[in-house]
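Heads up, the chain below is alone and in the form predicted alone; it's given as structure tokens.
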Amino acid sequence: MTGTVERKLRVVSISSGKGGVGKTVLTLNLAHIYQSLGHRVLVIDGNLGNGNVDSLFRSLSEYSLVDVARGVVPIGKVLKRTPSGIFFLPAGSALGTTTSLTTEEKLTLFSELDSLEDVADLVLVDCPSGIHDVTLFFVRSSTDLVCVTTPEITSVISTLSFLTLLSSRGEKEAGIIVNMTEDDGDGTNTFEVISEQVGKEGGMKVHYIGHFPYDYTVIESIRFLQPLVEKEGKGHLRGYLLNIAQEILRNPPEEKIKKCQQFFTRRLLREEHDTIFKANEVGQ
């Protein structure tokens, strides 16, 4: 890492309308990119009861966020750190399907996450695929929404349905990543289809984050549990990841602290207070 730079907290939920679009692999590789840029990174596996982030990080876990939500263990017992310095919270696996959360369990999770307020300046949440109660919980609790799709028509249709639902729940904006593309045009054309349809519906603004090409190197990296940034060094795929990582943070989110549910509320409120205080000092 390159020193300790004070940054405002961003909590980025990475979601998708359907499975099989490469969302989790993108999330973990983006975590490595951000960490290499000097960010303190925390990855939250939102696939409660059916996660695999710990496996991909080559670090199997005894406890998970499911145990935290149920009050079995405090979050400190679940928080793990990779050799490269990335923190992550495993979701638990082999429980069959993604676990739903009761209202009490959601409140417990909010409280426990607040205790980690100084662990990271960038949080990436790998959300469950599709329209699921847990997905909505994580999306609504994040500062940024990123949706991963592919040029394949069923993926585009699922993305549109997903965005329509989120818009009906009050979400105002989303960034789009087009994965598994053949070329640059494949990415921009797919985004334009989504943007045009979302524009007809109204109520939500979408912006293009970028695209990531279909490449056999990605399949190999999954097989050998090796991040692309390690496997490929400074190759062309790393360049795509870097562009996506920078574009995500280039678009500041609309103010969400006013929402009733928000991860790391104390941290965000403190940062908002500091910003207002400094602005008042400058104006004096």
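Given the structure is predicted, the values throughout are model-derived calculations rather than measurements. Numbers follow the displayed sequence, beginning with 1.
Another form, the form predicted together with a small molecule, is not on view; read the next lines as being about it.
Can you pick the stretch from 208 to 216, 133 to 141, 104 to 112, 157 to 165 whose heavy atoms fall within 4.5 Å of the small molecule in the predicted bound form?
Single hit among the candidates: 208 to 216.
Could you tell me if I194 has a non-hydrogen atom within 4.5 Å of the small molecule in the predicted bound form?
I194 lies outside the contact set for the small molecule.
Is there a heavy atom of M180 no more than 4.5 Å from a heavy atom of the small molecule in the predicted bound form?
Within the cut-off, so yes.
Is there a heavy atom of V12 no more than 4.5 Å from a heavy atom of the small molecule in the predicted bound form?
Although the small molecule is absent here, V12 would stay clear of it in the predicted bound form, with no heavy atoms inside 4.5 Å.
Classify S129 as contacting or not contacting the small molecule in the predicted bound form by the rule of any non-hydrogen atom within 4.5 angstroms, answering yes or no.
Yes, contact at 4.5 Å.
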